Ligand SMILES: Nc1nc2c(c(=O)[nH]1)N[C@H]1C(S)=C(S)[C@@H](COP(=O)(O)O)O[C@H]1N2
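Shown below, as structure tokens, is a lone chain in the form predicted on its own; questions about how it binds or moves come after it.
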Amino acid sequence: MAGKIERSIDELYRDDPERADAVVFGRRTGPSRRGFLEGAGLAALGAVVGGAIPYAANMPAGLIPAAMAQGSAPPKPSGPVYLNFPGKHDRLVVIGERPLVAETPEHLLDDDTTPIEKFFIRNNGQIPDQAGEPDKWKLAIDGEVERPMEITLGELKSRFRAVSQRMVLECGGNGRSFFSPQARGNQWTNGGAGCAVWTGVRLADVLKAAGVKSSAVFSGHYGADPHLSGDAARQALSRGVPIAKLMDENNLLVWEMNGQPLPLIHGFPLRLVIPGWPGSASQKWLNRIWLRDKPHDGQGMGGTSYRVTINPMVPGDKADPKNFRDLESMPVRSIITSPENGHRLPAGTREIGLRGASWAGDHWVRQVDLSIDYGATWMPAALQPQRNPYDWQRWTARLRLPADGYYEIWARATDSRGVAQPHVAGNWNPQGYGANPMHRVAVLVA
């Protein structure tokens, strides 16, 4: 490579992919790849990833190799901070400390049902103190209803039929770290999601008992978590959904998670689960649902909070509030849960088994395709059906590897409408919602 390199290639790709591209490919702009293919850049990159790159001719210019980085956000100099929390896996990654936020690395999401210990954490305020008898917990339903009610958890259990459904819960900011330039907020990769078995009663059954008025158009949800400031007059978070989504029969008022009492960190003793939409609508420590005759204006509504652009904006530019709409159904996403990124296989290995998961908000996943040659060719995975609506769909595949060397496995899901994951995060917005680029993992056969 010509010229002095002030950083290693892997550091350069993480910190300055345009300069790394110039160094490796021997150019700054233009479609020619001769500088890369003639050997110097290829040798340098091969040394970084640990082996020959069989499909180097297909590698897109400017691509940060999966062996180096998953997101676009700068990595912490000291590496990831792992969670130390009772009942939680010690390899969940802390991405926010006040409030506590922790994500699950993709390879820990390899279970059909996500264990509680591996389920991500997203808080907006302080964790409330929940002493006392759970069945005496009270939920108020008021506003645009014929019969406002205050009902205890014990009464919910005795008056309404309990159901159990395995459903995905996903943070609205999942994938945020893949945006460039960096968007505000916790820098999630793909780990702000999990699929648990939730047990409770159908929210629609309880709302019908309260008698929803025709004037009701939106909900407002409230929880017992104190604001970070400690100011009792301020809500940590209060979001809601349009009435049509609120009446979805899959929305649950839950008190169990995977057959166990709901843990405090996940909303004990009662939480709302509104699947398919941002997890912020699934209020933890739920104590009130307010039916309104207009869109809700609680904490976390309006402006650019949990909202995406109507028309594309220039990344990093000033936001025009009139160009934003609420983020509703979450975008299609697939993850490779096995092998883990950076997996090594013995020399001579010519086949690899893969597992993963896919989901698509209010929709279902039609297909998952995989590539080992940077998207030049694709092969379908074997996709399992859902148990029930909003369940994720597990998939498996076996891929042939033509030679020893470095491979990137790309996974791309397509939903029931025909909408597929993009190569890179698009539709940039200031708070980084809706980023769902294809998942990539690096594998080395050496």
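Just count from 1 along the sequence shown to find any residue number. Values in this document were obtained by computation on a predicted structure and should not be read as measured data.
What comes next is about the form predicted together with the named molecule, which does not appear here.
Highlighted residues Asn190, Trp359 and Val365: none comes within 4.5 Å of the named molecule in the model of the complex, counting any heavy atom. Of the stretches 344-352, 278-286, 320-328, 365-373, only 278-286 has residues with a heavy atom within 4.5 Å of the named molecule in the model of the complex. Proximity to the named molecule in the model of the complex, taken as a non-hydrogen atom within 4.5 angstroms, holds for one residue of Pro339, Gly223, Gly300, Pro269, which is Gly223. Think of it this way: in the model of the complex, the named molecule has a heavy atom of just one of Val145, Leu153, Leu83, Ile265 within 4.5 Å, and the residue is Ile265. Looking at Gly125, you'd find a heavy atom of it within 4.5 angstroms of the named molecule in the model of the complex. Residue contact check for Ile121: one or more of its heavy atoms lie within 4.5 Å of the named molecule in the model of the complex.
Although the partner is absent here, Leu169 is a contact residue: one of its heavy atoms lies within 4.5 angstroms of the named molecule in the model of the complex. The named molecule in the model of the complex is approached by Tyr306, whose closest heavy atom lies within 4.5 angstroms of it.
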